[in-house]
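As a starting point, one isolated chain is supplied in structure tokens, in the form predicted alone.
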């Protein structure tokens, strides 16, 4: 039983990273019904930039804001270069364009930093602490704290500020918000900036665990997309619950079935959600007027 609990706890803490990336999908989908399919490259590039800042000798407390700022700028660039025109034309071109920008980001990382994985130094110790026989490292605890802090601040921004209420208005009905004087274009731009911020935070949090490399986010992004679809693309609470569940399930499957089956739970959940509940477990049923 202690082994099972240890696997569940460790896997669930890793699942928090999936939830954070899935939350980035949700932010852009809520305002524009579009998703950045190059989100994994935002995670990876932000981690590389943060590592480069560390190598210049900057203290860690300055590296984190620098990496987050880069993520915001990258998210804004994706919105302006790959999404805005397609949305103005009411087409689906943003799908291919975000994929292309992701591939360009991957190629840029290989040419600038190389293909080798690199360790990401962090002042957070990795020696496990034991609580009731369960070993948890401060690094894992920092992941959970970082994820909840970022998601909590974004939610507070959306609920307590005037700009956040405009964000919620565009999410509810873009056309009605426009009639009330809210600029949907600026709010969509804001949503992509926030999505870049959470991607950068995910990269900074997970880099000390997985190391930094061009392929570091390849598996993460598929699992995060599964979490977003299974939870529902309009439920912030849901992505946390499903992320925790998927992380724990992956850890158990890897231990009892084999490491080669680690990716299977996310894919199975994704297929089941698309077949049985397309709006997600926590999603709202869509109402279609005829």
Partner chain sequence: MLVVENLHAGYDASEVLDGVSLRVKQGSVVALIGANGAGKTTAMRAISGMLKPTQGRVLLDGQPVQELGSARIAKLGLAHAPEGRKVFGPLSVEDNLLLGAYSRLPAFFGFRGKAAADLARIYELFPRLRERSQQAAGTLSGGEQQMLAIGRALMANPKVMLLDEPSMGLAPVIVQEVFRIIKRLKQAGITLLLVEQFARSALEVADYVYVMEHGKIAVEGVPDEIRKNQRVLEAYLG
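Note that the structure is predicted; figures quoted are calculated from it, not measured. Numbering follows the first chain given and starts at 1.
The same protein has a further form, the form predicted together with its partner chain, not shown here; the description that follows concerns it.
In the predicted complex, its partner chain sits within 4.5 Å of a heavy atom belonging to residue 161.
Residue contact check for residue 220: none of its heavy atoms lie within 4.5 Å of its partner chain in the predicted complex. Using a 4.5 angstroms threshold between heavy atoms, residue 183 counts as touching its partner chain in the predicted complex. Not displayed here, its partner chain is kept clear of residue 129 by more than 4.5 Å at the level of heavy atoms in the predicted complex. The single contact residue among 76, 177, 151, 139, judged by any heavy atom lying within 4.5 Å of its partner chain in the predicted complex, is 177. Proximity to its partner chain in the predicted complex, taken as a non-hydrogen atom within 4.5 angstroms, holds for one residue of 169, 189, 124, 144, which is 169. Residues with any non-hydrogen atom within 4.5 angstroms of its partner chain in the predicted complex fall in just one of 68-76, 153-161, 131-139, 196-204: 153-161. Residues of 89-127 include none with a non-hydrogen atom no more than 4.5 angstroms from its partner chain in the predicted complex.
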